[in-house]
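The chain that follows stands alone, in the form predicted alone, written as structure tokens.
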């Protein structure tokens, strides 16, 4: 998929979005519940990927939840409590643009959570997710990864783009400085929260357009639905692959 021209990219994207519409029609018909968790490095392209994912899906049956800083009341609740109201009902397709994994990433790195709170999260999250999967939830977890130089370039572009000012935050300023700490937190998260019922899938997103196509193809291809066109779902295992200890060296350092 690398090096696609604009026309070829748009044609491939349209074909995948048509498959998404077909998939969603089947999910609505069967009243399935879908949750797609999208995590990743700062500036890895989460927003753009989610935009293409939801662009032609049913607004009534599709929701995107992007958690903000917890309120004072929420900090006193069970950690997962503020996420549960946003879980999908029958026939709904929900995307979490960041999720409860904030605790294993930015909250841990920036000191917004104590080590005891982080450890409690790790002891709980697998059971929490397994419970949902056993109850019929279709759970998919994706992590968009980019290398250090690419992140630095994108964050600098964001600073200079008046249309992207809303994306800038104090957290961005620390992303590059704390690269190694984020890497360690990411690796720990993969190691402790990737399991059979809900494995992590890594998206190598240094090239935005090929990465988007590869992730959409992988996501759609993970479902069975009526009139599925396998010829459109061209997997690229160099760009999207399940995390494992064996392929750990392929991750951005």
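Positions refer to the first chain, counted from 1. Please read all numbers here as calculations on a predicted model, not as lab measurements.
The protein also exists as the form predicted together with a further copy of the same chain; that form is not presented, and the subsequent description refers to it.
Mapping the unseen interface onto this chain, residue 96 falls outside it, with no heavy atom inside 4.5 Å of a further copy of the same chain in the predicted bound form.
Remark: residue 56 counts among the residues lining a further copy of the same chain in the predicted bound form, judged by a heavy atom distance of 4.5 Å or less. a further copy of the same chain is not shown here, and in the predicted bound form it never comes within 4.5 Å of any heavy atom of residue 184. Shown alone here, residue 111 lies farther than 4.5 Å from a further copy of the same chain in the predicted bound form, counting heavy atoms only. With the partner omitted from this view, the residue of 228, 191, 51, 29 that lies near a further copy of the same chain in the predicted bound form is 51 [heavy atom within 4.5 Å]. Proximity to a further copy of the same chain in the predicted bound form, defined as a heavy atom within 4.5 Å, holds among 209, 201, 204, 33 only for 33. The candidate spot formed by 101, 159 and 175 lies out of contact with a further copy of the same chain in the predicted bound form, as no residue has a heavy atom within 4.5 Å of it. The chain is drawn here without a further copy of the same chain; in the predicted bound form, the stretch among 151-159, 138-146, 176-184, 77-85 whose residues come within 4.5 Å of it by any heavy atom is 77-85. Along 17-50, a non-hydrogen atom within 4.5 Å of a further copy of the same chain in the predicted bound form is carried by 17, 18, 21, 31, 33, in order along the sequence.
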